[in-house]
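The chain that follows stands alone, in the form predicted on its own, written as structure tokens.
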Amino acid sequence: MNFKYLYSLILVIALFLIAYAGVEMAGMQFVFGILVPYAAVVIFLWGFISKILCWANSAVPFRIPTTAGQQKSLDWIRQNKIDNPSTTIGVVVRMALEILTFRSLFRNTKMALHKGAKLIYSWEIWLWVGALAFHWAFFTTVTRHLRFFTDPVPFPITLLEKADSFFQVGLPLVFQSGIVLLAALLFLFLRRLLEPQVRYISLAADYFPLFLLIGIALSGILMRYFIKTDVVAAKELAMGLVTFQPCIPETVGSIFYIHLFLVSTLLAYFPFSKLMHFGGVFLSPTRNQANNTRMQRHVNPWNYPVNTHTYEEYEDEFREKMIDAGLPVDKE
């Protein structure tokens, strides 16, 4: 049994308790409301930009796109222009489908033994559904939160907020993205925990961001629906941060600082974790290259001049010895 998830769970609980004790017992609202968020943003920007620049400067001497379809060849052979693009437009379409709809994950299969001996492959559609639900719900939630950092709130954010809460159940408005986000995170965690193959290869670093995101989603839901928080004061604090005129409103409760501390931890952890696939997917040479090796010759820029010794030169040097040994030569 893989119990590595316990280390991550204990760590997230410890982060929760640190924020709670720091605000409620030590009165460190200034630290958790101003210093920690600023430090997290600086670490995030530095780490993110550093990783992107490092990947962007990495040499890719050969065309190594991952392909899953017919390459462009003869005119009478139909090319798969999306799975095996040979043009820039094809690469853009492929990348867009990958980023927006997880097209490769949609075709994912899993292997299992049936009745002890028969090997079967099945379509793992639920992983695609869970991943798609999580990423889009997370994107919607983050975008919707921009209303706390803008004044006046841009119309697209207001429109997104209305669309996210179109299914109204009393007051306050229920945001579907928050519920879907928490449900998707729980599904991804249970999949890692209950499937033996996935559980076997899972590390504590795989569980930590899941528990951290679950903690962020839970604290946000608690603030909105159960433990009432002064939204005006929360926006005042957020606007103070983005305008570099920070202030600590007195009416903001400890649950808000816990939520903010968990978000800050996620920001600081982001560039050094597997979550950096958010930026890395755009720089992946297996995705962002056109497979045009049959139309264009690609020479490795690292190749250096090599002193060669051709057969003609070899024969000129050893012709007499080759004739004496009875070996055939091109020139007598």
Partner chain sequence: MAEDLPKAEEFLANIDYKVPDTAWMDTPAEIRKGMYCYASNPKSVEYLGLPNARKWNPLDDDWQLPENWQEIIHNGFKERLERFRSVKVFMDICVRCGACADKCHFYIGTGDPKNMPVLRAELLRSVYRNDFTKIGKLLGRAAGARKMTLDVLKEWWYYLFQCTECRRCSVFCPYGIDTAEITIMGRELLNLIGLNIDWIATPVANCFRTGNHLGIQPHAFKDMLDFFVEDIEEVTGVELEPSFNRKGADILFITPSGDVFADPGTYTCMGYMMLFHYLKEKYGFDITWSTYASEGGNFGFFTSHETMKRLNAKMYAEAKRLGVKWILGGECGHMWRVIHQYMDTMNGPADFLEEPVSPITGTKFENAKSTKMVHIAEFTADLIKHNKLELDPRRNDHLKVTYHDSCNTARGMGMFDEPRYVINNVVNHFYEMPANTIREQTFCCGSGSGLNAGENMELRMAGGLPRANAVRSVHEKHGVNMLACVCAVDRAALPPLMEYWVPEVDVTGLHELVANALIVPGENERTTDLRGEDLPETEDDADE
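What we label the rigid core is the largest C-alpha set whose atoms superpose within 1.5 Å from one form to the other. Quick caveat, the model's predicted, so the values are computed rather than measured. Residue numbers count along the first chain shown, from 1.
Below, we turn to the form predicted together with the partner chain, even though it does not appear here.
Undergrad: Which is the contacting stretch out of 255-263, 73-81, 212-220, 179-187, given heavy atoms within 4.5 Å of the partner chain in the predicted bound form?
TA: Of the options given, it is 73-81.
Undergrad: Could you confirm whether Tyr200 comes within 4.5 Å of the partner chain in the predicted bound form, counting heavy atoms only?
TA: Residue-level check for Tyr200: yes, a contact with the partner chain.
Undergrad: Would Val31 count as a contact of the partner chain in the predicted bound form, using a 4.5 angstroms cut-off between non-hydrogen atoms?
TA: Outside the cut-off, so no.
Undergrad: Determine whether any heavy atom of Tyr121 comes within 4.5 Å of a heavy atom of the partner chain in the predicted bound form, and answer yes or no.
TA: Although the partner chain is absent here, Tyr121 would touch it in the predicted bound form, with heavy atoms inside 4.5 Å.
Undergrad: With the partner left out here, check for me: in the predicted bound form, does some heavy atom of Leu160 sit within 4.5 Å of the partner chain?
TA: Answer no; every heavy atom of Leu160 is more than 4.5 Å from the partner chain in the predicted bound form.
Undergrad: So which residues in 302-326, when you check the partner chain in the predicted bound form, have a heavy atom no farther than 4.5 Å from it?
TA: Stretch hits, in order: Trp302, Asn303, Tyr304, Pro305, Val306, Asn307, Thr308, His309, Thr310, Tyr311, Tyr314, Glu317, Phe318, Lys321, Met322, Ala325.
Undergrad: Compare the position of the CA of Tyr20 between this form and the one not shown after a rigid core fit and state whether the shift reaches 2 Å.
TA: It does not, since the Tyr20 C-alpha is displaced less than 2 Å between this form and the one not shown after the core fit.
Undergrad: Quick check: Gln245 between this form and the one not shown - does its CA shift reach 2 Å or more after fitting the rigid core?
TA: It does not reach a 2 Å shift.
Undergrad: Please check if His135 moves between this form and the one not shown, taking a CA shift of 2 Å or more relative to the superposed core as movement.
TA: His135: C-alpha displaced by less than 2 Å between this form and the one not shown.
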